[in-house]
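What follows is a single chain, given as structure tokens, in the form predicted on its own.
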């Protein structure tokens, strides 16, 4: 699979641009603020129906405009597919494949997958468990559509149950019969999601460890542990026994929404004891394992989007990553860089040819 072209209209700092890409290496160069990351974010939109940077769609409309559109042509299994995304202020976001509009955006997830490696990825390590759950849920959603539907259904029931808990608290009374349907749904869906997360962990972790060992040259021992309340206690009766506590707290205290993904290095928490270099290596290994799992599951390679990696990584990690590029390990790649000569030098040193696109203030220079 590869992205053949991209058209942006009033998207972020782009007024109106059209660009064609090669099926292998595409380098997008320009000064900070020129629009390099915005172009990768447009590709992320076409893959996952949303921005990787700004979750509020309307804020991605160009200043003083009332709408944006993103249109791209993907080639998958020898066939072209046109993906179209549009948002107008005050209206619903429109998403189409080959002129057919989706009834639900979730129907598109996983059809044209992408893996983004960006400076902000350190939040997976630095921030709380909700960020790590979101990261792994995004991978699972791209390879298992039913998982995405179950997760959306679970979150809907969780919100409804929490609203009912607040109602009970405000009215100083509780009706177990009213809350029982939500208990049943949360337990049933939670069990399904928990099992799929466990199965995924068994597949993903060995691939991750292999990638980390390759980049770090076997210098450290890393582990990722999936921890769930469903493994620890008799979950079938828990929502009933914790009802009074949940009413007081006005939130559901048990469920897969509390699951943890613990990141460890040499037996200690990476967040607290990993060096900056170890954390960067960990993140790259996470993303490379994500790439491999999606490729294996889908039967074709996702897009690989590398945002400002030359500025954020040291020479050793750049050498390892670009060595994989030289070995033709990846399919289509998009690389952003602030220094065109550095990009050209790296490609030349590895005897690689790439399509280099220069951008300035939202405009294609060449």
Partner chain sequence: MEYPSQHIEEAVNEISKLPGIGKKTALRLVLHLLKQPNAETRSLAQALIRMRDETKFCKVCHNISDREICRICSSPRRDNTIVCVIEDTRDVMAIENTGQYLGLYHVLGGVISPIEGIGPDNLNISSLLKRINASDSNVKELILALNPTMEGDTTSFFITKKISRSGLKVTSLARGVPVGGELEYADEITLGRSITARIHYQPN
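Everything numeric in this text was worked out from a predicted model, so none of it was measured. Positions refer to the first chain, counted from 1.
Just so it is clear, the following notes concern the form predicted in complex with the partner chain, a form of the same protein that is not shown.
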Exactly one listed stretch (226-234, 251-259, 185-193, 201-209) reaches within 4.5 angstroms of the partner chain in the predicted bound form by non-hydrogen atoms, and it is 185-193
Note which of 222, 142, 157, 290 lies within 4.5 Å of the partner chain in the predicted bound form, where distance is taken over heavy atoms; exactly one does.
-> 157
Of these, 164, 124, 215, 243, which has a heavy atom no more than 4.5 Å from the partner chain in the predicted bound form?
-> 164
Flag residue 98 as yes or no: does it have a non-hydrogen atom within 4.5 angstroms of any non-hydrogen atom of the partner chain in the predicted bound form?
-> no
With the partner left out of view, is residue 283 within 4.5 angstroms of the partner chain in the predicted bound form by any non-hydrogen atom?
-> no
Would you please decide whether residue 177 lies within 4.5 angstroms of the partner chain in the predicted bound form, comparing each non-hydrogen atom pair?
-> yes
Touches the partner chain in the predicted bound form: residue 153 (any heavy atom, 4.5 Å) | yes
Heavy atoms within 4.5 Å of the partner chain in the predicted bound form is the criterion; list the residues of 9-37 that meet it.
-> none
